[in-house]
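Here you get one chain, nothing else, as structure tokens; it is the form predicted alone.
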Amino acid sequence: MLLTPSQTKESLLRKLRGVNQVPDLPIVLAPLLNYLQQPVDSMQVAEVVRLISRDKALTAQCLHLANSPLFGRWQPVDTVHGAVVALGLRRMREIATSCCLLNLTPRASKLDPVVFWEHALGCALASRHLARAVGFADPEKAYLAGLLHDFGILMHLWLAPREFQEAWEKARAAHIPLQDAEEEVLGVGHSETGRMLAERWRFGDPLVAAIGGHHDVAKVTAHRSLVAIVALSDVLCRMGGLNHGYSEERQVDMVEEPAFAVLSEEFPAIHTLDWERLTFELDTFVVEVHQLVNVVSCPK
């Protein structure tokens, strides 16, 4: 018997509260995420190496990436320390977090994990870029929030794979936001389920706010600027070449977005932002993101 959206929502949230069917948070991810939220100049190479080395799969992926032609390596790197030195702490922060979360994607999922992580990484890059453009104090936190913003999609893949597939196909056919289709089919969008898991796994208040609020910025009461940056970056990516595997048919005026109004309260510079130029600059990320995610998701 098919469940109604409200029944599906209750079933999903019941599973989520028990997290019996959700993979345990990789032992390295929580301390790694907490540590990597610091400014790069406050981090120590030895500590990053220690945290990464605690997970064999993560170690293998980072080493594979460090030796990728994408980063112009001429000499092989065979240790995590060498990888950190070769790529730099900033790049290793991006790669380590991406690898950890990529490993949470269900192997039997019909959703191409490459598509999912291309959007996540694209939003991360766009968030950092926009944060710098408006003068946000911590562009690296904006990067991490952008990377994690669709965390709830992973939960839907684990807890309600059939219903989520139906929602994704509905969104693709109607060219509507995935969040809207999820609410119609599952009774709840990925922003809410993502927020619940982020709280349970103690991601910290700023990340919880960005994950839970990026589709409804007007209702956010804390960390509003960070949430607004992620929300605008998400829209930019969904309208561009880093979406959820399909295009949305709607016209977007960034100045009319609720997130723009939130940012304009604290950062007047946003009123002089050249959106056409910003969009062009973000387009240059597409090739890099495609290459990066394919390298990370397909270790030899």
Partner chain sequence: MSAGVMTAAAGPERARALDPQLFRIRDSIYQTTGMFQPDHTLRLLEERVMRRMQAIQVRTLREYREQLSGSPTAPAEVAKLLQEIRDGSQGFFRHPEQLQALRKIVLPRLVLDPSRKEPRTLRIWSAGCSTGEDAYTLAMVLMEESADRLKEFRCEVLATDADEAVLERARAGIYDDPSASQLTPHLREKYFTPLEDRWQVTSPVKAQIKFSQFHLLRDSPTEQMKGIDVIFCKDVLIYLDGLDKRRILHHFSRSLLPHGYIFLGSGESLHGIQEEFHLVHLPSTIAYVRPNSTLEAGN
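Only the largest set of C-alpha atoms that superpose within 1.5 Å between the two forms is called the rigid core. Positions refer to the first chain, counted from 1. Computed from a predicted structure; not experimentally measured.
Just so it is clear, the following notes concern the form predicted in complex with the partner chain, a form of the same protein that is not shown.
Undergrad: Hey, in the predicted complex, does C99 get a heavy atom within 4.5 angstroms of the partner chain?
TA: C99: no, not in contact with the partner chain in the predicted complex.
Undergrad: Is there a heavy atom of V80 no more than 4.5 Å from a heavy atom of the partner chain in the predicted complex?
TA: It does: once the partner chain is placed as it appears in the predicted complex, V80 has a heavy atom within 4.5 Å of it.
Undergrad: Any of the heavy atoms of M43 lying within 4.5 Å of the partner chain in the predicted complex?
TA: Although the partner chain is absent here, M43 would stay clear of it in the predicted complex, with no heavy atoms inside 4.5 Å.
Undergrad: I'd like to check something about D274: if you look in the predicted complex, is any of its heavy atoms closer than or equal to 4.5 Å to a heavy atom of the partner chain?
TA: Although the partner chain is absent here, D274 would touch it in the predicted complex, with heavy atoms inside 4.5 Å.
Undergrad: Scan 255-288 and write down, in order along the chain, each residue with a heavy atom lying within 4.5 Å of the partner chain in the predicted complex.
TA: E256, T272, L273, D274, W275, E276, R277, T279, F280, E281, D283, T284, V287, E288, in sequence order.
Undergrad: Any chance the CA of R54 moves 2 angstroms or more between the shown form and the other one, core superposed?
TA: Moves: yes, 2 Å or greater.
Undergrad: For V235, is the C-alpha shift between the shown form and the other one 2 Å or more after core superposition?
TA: Result for V235: no, shift under 2 Å.
Undergrad: I want to check L273: does it shift between the shown form and the other one by 2 Å or more at the Cα, with the core superposed?
TA: No, the C-alpha position differs by under 2 Å between the shown form and the other one.
Undergrad: Given that the CA-CA distance for A83 and A131 shifts by 3 Å or more in the predicted complex, does it become closer or farther?
TA: A83 and A131 sit closer together in the predicted complex.
Undergrad: Between L63 and Y143, do the C-alpha atoms lie closer or farther in the predicted complex than in the shown form, with a difference of 3 angstroms or more?
TA: Compared with this form, L63 and Y143 lie closer in the predicted complex.
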